[in-house]
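Form predicted alone, single chain, as structure tokens, below.
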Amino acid sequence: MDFESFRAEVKRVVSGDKVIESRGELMLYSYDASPAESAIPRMVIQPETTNEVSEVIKLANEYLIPIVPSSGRTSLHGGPIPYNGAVVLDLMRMNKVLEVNLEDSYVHVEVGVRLDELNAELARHGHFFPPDPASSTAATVGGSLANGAGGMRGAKYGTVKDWVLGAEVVLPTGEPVFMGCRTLKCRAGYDLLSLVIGSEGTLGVITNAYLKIWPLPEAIVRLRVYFRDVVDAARAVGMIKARGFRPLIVEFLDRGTMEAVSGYVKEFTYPRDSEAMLIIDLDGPPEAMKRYIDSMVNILKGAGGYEIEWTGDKDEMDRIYMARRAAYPALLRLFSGMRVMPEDISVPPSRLPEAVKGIGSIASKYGLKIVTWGHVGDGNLHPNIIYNPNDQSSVSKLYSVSRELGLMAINLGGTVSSEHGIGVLKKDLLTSELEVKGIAQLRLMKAIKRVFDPNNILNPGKVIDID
């Protein structure tokens, strides 16, 4: 590993203003939004073209320099942290919307474009890109593809992997290839694109992509309903789906979330006998909305819901949604001096009642506060573990709680990671999940990593470890 030679060669293929080496700036790339241990990169490179990405990765492969792709850095699992003296490849300069094609229903976009910026552009054409992680103001196309992001609308539209037609990918050898197609139907051999989507930058670096787009809904109505029993709220989700509804969003907030928000946002109040709240968006043609609302209200009342409110007015919809939007900053304010670890489990919607009961039992067992919200329309729960980073006992309990939450999800037929990814924090839990589903998959994953990246230079140590 000859870093100085690599450094000199990099400055030959990219201009000096695209290379960061000052310690102060390098520290900005030493962490993500997770509690994973930080690490300062040896340098940061900011390419602007696929060719520059290709040349840099070729050099990294030649000189055996570990390289970590990075963009919005909203990851919650340590995926973009540059361990082992790695170099960061910051893709934020690649931020152009290259084409909006309504006839073929796609947008061609570079990976540094932020999701909210993308949807602002698409809205001008009456369309949108459905995946919507909570960090969409900062999250980028590249980070979302690398992590297989989801979000609130996943209950109806699925996750990012369902919305990618094709992408230009630079392999760990530096070779650029186009994976997938620009057509909705595509059977061009093995689906390598689906391997790269969600691989967390360990198999290739995506530089631009053709994403499917969808017309904006004609009308949306937002409902809010409270429940006196958290299990009733969880059970309502299955009842909604069994009756044939596929809401745009179904968001769950437990009592701890509502308490935190009420202390953070003065305008937000909730019934003191309430243990949970659901926020539900229904979309469709305007003439059908009254029928949808009437049916939904009947379902919710039958599930134990009360104080049901609904509106199609944008300002009123924002008021209802304020509780969910403010949840994370409210927790940070309420537990000042503590830290919040957002977990990311999923279970089949029919098992949500068992899951919310299990979360309460795990919190009681370890004596740590867990505040839960989630995109429950597809079974995705985010139990937020409150812990003291300066108390070793609290930190130890954090990892025990995280593991028990993951094992509970596995036992209920779910998964340890819905949309945040594996990174460095969930590698052991991934192994536990694969032991249930078939541990031979771990052997195949390691073999795939070796085929794509024989020198293990691309984001090494993330997702899986190579023996």
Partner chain sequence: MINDQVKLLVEKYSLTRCARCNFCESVCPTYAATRRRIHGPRGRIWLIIYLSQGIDVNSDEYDGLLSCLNCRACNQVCPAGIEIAEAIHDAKALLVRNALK
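Numbering follows the first chain given and starts at 1. Here the structure is a predicted model, which is why all the values come from computation and not from measurement.
In what follows, reference is made to the form predicted in complex with its partner chain, a form of this protein that is not presented.
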Original post:
173-181, 91-99, 197-205, 287-295: which one contacts its partner chain in the model of the complex at 4.5 Å, heavy atom to heavy atom?
Top reply: 91-99
Original post:
Tell me, which of 114, 153, 382, 324 has a heavy atom within 4.5 angstroms of its partner chain in the model of the complex?
Top reply: 114
**OP:** Work out which of 64, 27, 436, 440 lies within 4.5 Å of its partner chain in the model of the complex, going by heavy atoms.
**Re:** 27
Original post:
Using 4.5 Å between non-hydrogen atoms, is residue 137 touching its partner chain in the model of the complex?
Top reply: yes
**OP:** Mark residue 210 yes when one of its heavy atoms lies within 4.5 Å of a heavy atom of its partner chain in the model of the complex, and no otherwise.
**Re:** no
Original post:
Would residue 72 sit within 4.5 Å of its partner chain in the model of the complex, counting heavy atoms only?
Top reply: yes
**OP:** Could you confirm whether residue 15 comes within 4.5 Å of its partner chain in the model of the complex, counting heavy atoms only?
**Re:** no
**OP:** Would you mind checking 21-55 for residues with a heavy atom within 4.5 Å of its partner chain in the model of the complex?
**Re:** 22, 23, 24, 25, 27, 28, 29, 30, 31, 32, 33, 34, 46
